[in-house]
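Shown next as structure tokens: one chain only, the form predicted alone.
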Amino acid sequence: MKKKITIDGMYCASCATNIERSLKKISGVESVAVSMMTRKAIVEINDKVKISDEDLKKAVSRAGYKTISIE
């Protein structure tokens, strides 16, 4: 399953790396691609694992950024 997260407060490649690292710490996340230009993260989640939108928001928040939306 893929989730697209729109993130506020990302201004540099280091910001994207911090968010990517935080999202990858969630058990069940298989891959993460964060684009500073589009301000979006694409998260690939193992279908056998239940990860809530709230879990994703917390990971973004831990990195110091704000989640605008999750699709």
Partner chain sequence: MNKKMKHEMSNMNNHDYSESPEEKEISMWKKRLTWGWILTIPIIILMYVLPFVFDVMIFSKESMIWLSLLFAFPVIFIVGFSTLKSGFRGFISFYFNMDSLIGLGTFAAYFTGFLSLFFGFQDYSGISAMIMSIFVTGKYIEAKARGRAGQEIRKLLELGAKNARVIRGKEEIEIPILEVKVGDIIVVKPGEKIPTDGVVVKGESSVDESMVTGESLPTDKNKGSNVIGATINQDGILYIKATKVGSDTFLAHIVNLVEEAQGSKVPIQKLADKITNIFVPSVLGLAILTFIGWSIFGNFSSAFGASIAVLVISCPCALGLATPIALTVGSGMGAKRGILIRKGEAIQTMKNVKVIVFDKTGTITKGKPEVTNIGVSKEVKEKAFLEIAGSLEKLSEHPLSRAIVIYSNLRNYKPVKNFKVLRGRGIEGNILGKKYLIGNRRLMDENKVSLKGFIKKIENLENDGKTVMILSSEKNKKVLGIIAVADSIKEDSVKALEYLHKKGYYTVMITGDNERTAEAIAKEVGIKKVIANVLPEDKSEKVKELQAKNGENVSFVGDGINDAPALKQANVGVAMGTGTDIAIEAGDIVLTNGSLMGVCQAIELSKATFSKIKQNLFWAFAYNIVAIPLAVGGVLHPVFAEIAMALSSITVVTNANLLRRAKI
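Numbering follows the first chain given and starts at 1. Just so it is clear, the model here is predicted, and its values are computed rather than measured.
Form predicted in complex with its partner chain: not shown, discussed below.
Not displayed here, its partner chain is approached by Cys15 to within 4.5 Å at the level of heavy atoms in the model of the complex. Interface membership of Ile51, defined by any non-hydrogen atom within 4.5 Å of its partner chain in the model of the complex, is ruled out. Of the heavy atoms in Leu56, none are within 4.5 Å of its partner chain in the model of the complex. The closest non-hydrogen atom of Asn46 lies beyond 4.5 Å of its partner chain in the model of the complex. Contacts of stretch 35 to 67 with its partner chain in the model of the complex, defined by any heavy atom lying within 4.5 Å, are made by Ser35, Met36, Met37, Thr38, Arg39, Lys40, Ile42, Arg62, Ala63, Gly64, Tyr65, listed in sequence order.
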